[in-house]
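Two forms of the same protein chain are encoded below as structure tokens; each is given separately, as structure 1 and structure 2.
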Structure 1
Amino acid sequence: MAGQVTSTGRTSELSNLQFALLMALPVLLFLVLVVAYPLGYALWMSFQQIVFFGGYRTNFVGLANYATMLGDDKFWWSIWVTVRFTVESVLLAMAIGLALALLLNRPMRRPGLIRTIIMLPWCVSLYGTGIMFSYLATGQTGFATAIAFFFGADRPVSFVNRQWVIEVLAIGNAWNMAPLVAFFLLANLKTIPTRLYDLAAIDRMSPLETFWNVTLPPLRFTLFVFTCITTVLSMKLFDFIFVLSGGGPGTASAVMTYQIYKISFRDLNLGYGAAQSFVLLFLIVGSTMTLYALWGRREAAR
């Protein structure tokens, strides 16, 4: 970097770290304004009992909101539903994304058109995805109902029920996210030298052995990164679930984001909702840190 001449005649230069901090300063200030203040205000709210009726007022209750969660069955149920939905969404998104990437890496006619078609689900908003899957999975307009009626059934088939609603949500979420995963994995696949596949053929490796020893190793770090990304996006997902199932039937799909929305904006219990939102934040951070400890650290050391 170019430096400045000091009074002693020497040229002072910024170190790489100082230059990086200088470049990042506007972003850090922006984050303080749009993230730190709302986060701090939400933390303050979690220690308050906020009352709207009879005039707005707040009462400091300390850790009472957090203590209430320990005995709240709906809170524990929402954690279980969130974990189940996230695990299923991540597994499906990564599996579908990997399969699409392998398909797109094969020689084909009009690859640009096919890639555009495969990318389309990522371009659909989560609100639109929720509407589409609500038509496909419900009893009156669902795809399964159309097939059942075609074969002579006289009753509609609905998958938006207590038994299958989480799976429907996970499939819809994975359908939306898998194309993005696929295109980043495809970029990795394009960097694998073709001579490695030639050597695998000389060694008479089976397709499964070739995939495990040649194709998969360069993809592992990308798979780790997108596992973290899809985990975070799935845990904080709200609009898709709100449109498709509304947390139901009953509380079958009441993930933490929906439960926080219901407590905060329907019941107007903002303090308790803020407390639950911090539990969700710690759950997201804890999940990503666990993934890094179990998987990411090993990939970074390769």
Structure 2
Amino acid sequence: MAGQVTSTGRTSELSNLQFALLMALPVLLFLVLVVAYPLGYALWMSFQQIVFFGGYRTNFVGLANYATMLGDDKFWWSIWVTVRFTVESVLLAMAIGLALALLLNRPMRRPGLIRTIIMLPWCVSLYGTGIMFSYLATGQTGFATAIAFFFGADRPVSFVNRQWVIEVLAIGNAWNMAPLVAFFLLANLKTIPTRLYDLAAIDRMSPLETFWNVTLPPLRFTLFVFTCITTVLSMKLFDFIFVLSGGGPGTASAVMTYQIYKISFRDLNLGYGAAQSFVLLFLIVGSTMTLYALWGRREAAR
């Protein structure tokens, strides 16, 4: 009976799928406009050789841009720099975020004020962070120089050098990101019943075991989410690095975004730049998918 009623009624109604499509139409149009079109255009560019001088023209070169990459040392170097910068940024952001969260979760006198102060770095733009860390890390104005001079040294200490510039970048990036991580972790920490710590005490767990078995489990999903977010943000980071080190010294901090910028807008080799952007895109998608497969699936199952 009921089936009949709905099936006859359906002639004048939309099915669920049709309705959903109709409702989603504006969003789909928007996405096509702002995502699919530029993406498609970039893909098209990556198969072209684009010439500006002597009259703008494009020559179809097939996979030649991609083939060039294989033998391009600068390209491989930029991948390595990106990976190193990303891994360090993620580890630092998670570690600092976790430490801040644990600190904020302790009873204290002015929790609101302290939380606000700790949140501040996140409110600074990456551009500003870049300028600040550039001052802090270089020899003439740096933090390390000040300390060294205090202890009687007479030569400035700079960390913006081939050996340490990536770490300086990673620290600055993590400094900017960690407060947000800390706040989400703090929200998780607040949900842990204090009796659970009593249970751990009764079970005679060591502080480390207690951390591992009581504190960490409710944080793991948040840690996973922020590991993904920080990975993506670090891989596509540009302005901060541009301001702080400009890819230097030499090519020491030439991450992929910087390399793409240089190829596309200084060398004006738009086709090759577009091809490298696609490699970066796949690197980003690939690493988040790997993270999900190795880690996220387990956390989501909980």
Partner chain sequence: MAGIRLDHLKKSFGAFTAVQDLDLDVTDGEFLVLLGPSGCGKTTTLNCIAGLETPSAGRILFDGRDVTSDPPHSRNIAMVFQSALLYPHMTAAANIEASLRRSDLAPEERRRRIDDAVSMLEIGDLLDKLPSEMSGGQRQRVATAKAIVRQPTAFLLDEPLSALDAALRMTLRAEIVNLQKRLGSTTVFVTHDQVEAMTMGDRIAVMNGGRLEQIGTPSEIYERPRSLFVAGFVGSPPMNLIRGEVADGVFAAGELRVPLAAAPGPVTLGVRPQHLHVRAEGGLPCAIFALERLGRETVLIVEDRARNRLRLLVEAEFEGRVGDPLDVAPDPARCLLFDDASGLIHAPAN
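FYI, numbering is relative to structure 1, first residue = 1. Treat the numbers as computed from the prediction; the structure is a model and nothing was measured. Throughout, rigid core stands for the largest set of C-alpha atoms superposing within 1.5 Å between the two forms.
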Number of the structure representing the form predicted on its own: 1
With both forms fitted on the core, give yes or no for whether the Cα of residue 205 moves by 2 angstroms or more between structures 1 and 2. yes
